[in-house]
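Before any questions on binding or motion, here is one chain by itself as structure tokens, the form predicted on its own.
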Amino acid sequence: MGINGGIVKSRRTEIIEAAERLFRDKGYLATTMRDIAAETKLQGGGSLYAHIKGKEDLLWEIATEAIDGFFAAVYPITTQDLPPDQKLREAIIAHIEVISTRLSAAAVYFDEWRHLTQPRRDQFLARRDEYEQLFELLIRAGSQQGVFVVPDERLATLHVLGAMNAVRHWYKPDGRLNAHQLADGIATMLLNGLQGR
């Protein structure tokens, strides 16, 4: 705890957060370890390497923490005893709230994963596919029960995921809508489309 009762961030956390911002703003390839050291006010690369092995380790940690956050928010909803439309609504809201509260990490997760090398790349893709399947199963359940009118469940899943994930490009935390209002509005529009309204 800090002097005023605030939580003091560890140096490693500061490095991760700096890497998130730089990877989002400049891109992974254009960001150097020197950039990250400067952002965290560490003296030279040597001090930085005392806390992290290399740049790809930062990318892997950010991507892993992001997918962990998505699973933690959405998976419990999929196991609840709810009607399929309500379950999907809550999953959409949870997903968008993860993005809107961790914009830099989400942007890195969606846009920079391609720079992971093997075997991390395959591990990332396997977890991403597993997560996307949560939404496909929710849509399929709603379709089978006649709640959703979708000619192609996979296409509907990609549409929902694409609409949600685009939030990272334009959402502003200090904008007109807070994170929950944004998520609720998008959930309503997406569900209206799936239900043929």
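Values in this document were obtained by computation on a predicted structure and should not be read as measured data. Residue numbers here begin at 1 and follow the sequence given.
Below, we refer to the form predicted in complex with a further copy of the same chain, which is not included among the displayed structures.
S.K.: Find the only residue in 34, 41, 53, 154 having a heavy atom within 4.5 Å of a further copy of the same chain in the predicted bound form.
M.R.: Of the candidates 34, 41, 53, 154, 154 is the one lying within 4.5 Å of a further copy of the same chain in the predicted bound form.
S.K.: Look up in the predicted bound form whether residue 87 has a non-hydrogen atom within 4.5 angstroms of a further copy of the same chain, and give yes or no.
M.R.: Residue 87: no, not in contact with a further copy of the same chain in the predicted bound form.
S.K.: Would you please decide whether residue 162 lies within 4.5 angstroms of a further copy of the same chain in the predicted bound form, comparing each non-hydrogen atom pair?
M.R.: The answer is yes: residue 162 has a heavy atom within 4.5 Å of a further copy of the same chain.
S.K.: Going by a heavy atom distance of 4.5 Å, is residue 134 a contact of a further copy of the same chain in the predicted bound form?
M.R.: Output for residue 134 is no: heavy atoms all beyond 4.5 Å of a further copy of the same chain.
S.K.: Answer with yes or no whether residue 9 is in contact with a further copy of the same chain in the predicted bound form, where contact means some heavy atom within 4.5 Å.
M.R.: No.
S.K.: Counting only heavy atoms and a 4.5 Å cut-off, does a further copy of the same chain in the predicted bound form sit next to every one of 17, 91 and 98?
M.R.: Heavy-atom distance to a further copy of the same chain in the predicted bound form: none of the three under 4.5 Å.
S.K.: Across 123-148, which residues bring a heavy atom to within 4.5 Å of a further copy of the same chain in the predicted bound form?
M.R.: Not one residue comes within 4.5 Å of the partner.
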